[in-house]
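What follows is a single chain, given as structure tokens, in the form predicted on its own.
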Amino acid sequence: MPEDEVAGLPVSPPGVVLYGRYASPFVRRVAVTLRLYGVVYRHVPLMPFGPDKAELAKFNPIARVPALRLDNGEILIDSAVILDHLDQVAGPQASLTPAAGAARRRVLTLLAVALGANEKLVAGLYERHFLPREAWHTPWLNTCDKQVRDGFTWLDAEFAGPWFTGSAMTQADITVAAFWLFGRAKRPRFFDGLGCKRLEALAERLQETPAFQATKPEPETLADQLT
């Protein structure tokens, strides 16, 4: 069944459709990858909040973004699942994630740390945004902040240059840049204090590329900047 019908949206011609706002770094890393692989897609900027949440839940039971509809109508959810599919379509020679061996394990390890740090960042942002200050659980927020700090500072130390694994750009570079740009926009003072100059330089370099320029975050409903 065409996904547009599932989501209750106007029926449109078949094609690849990416659901979720670029303001989500998880959506953005998928969008950048789609563009680098030359995949033409339509963008539907649904949000996992408000009225959009019910639409998302029709094809993702936990109403999270991103989701990707393929040409055949199949729907993939979760950015890691989507990227794995895109890598397979691109093939081992073009894939941004190495297909096997130590090189693959290295990229997956970098991605695991980046994902963990970003998830803790988002968790802290949600508590600070949705709860009044007096209801914040400070010890838990401090723990999240430490995990964010430890994750990004480890990544900064692991950056070899010009890319994470040396001479070739991988998914680790794209994902870390997307996450760093998101965090820096939301918590500028906190991220300035991390002292991650290598990650800052990587993010700034990729931010100027066509794929990142075409996926700039929309205005966000969460507070623009938090300490």
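Each residue number is its position in the shown sequence, starting from 1. What you are looking at is a predicted structure, and each value in this text was computed from that prediction instead of being measured.
Just so you know, the form predicted together with a small molecule exists too; it's not on screen, but the next bit is about it.
The stretch from 33-41, 159-167, 47-55, 184-192 that comes within 4.5 Å of the small molecule in the predicted bound form, counting heavy atoms only, is 47-55. Residue contact check for residue 127: none of its heavy atoms lie within 4.5 Å of the small molecule in the predicted bound form.
Taking the partner from elsewhere, residue 78 is found to have a heavy atom lying within 4.5 Å of the small molecule in the predicted bound form.
Although the partner is absent here, residue 64 is a contact residue: one of its heavy atoms lies within 4.5 angstroms of the small molecule in the predicted bound form. In the predicted bound form, residue 119 approaches the small molecule with a heavy atom inside 4.5 Å.
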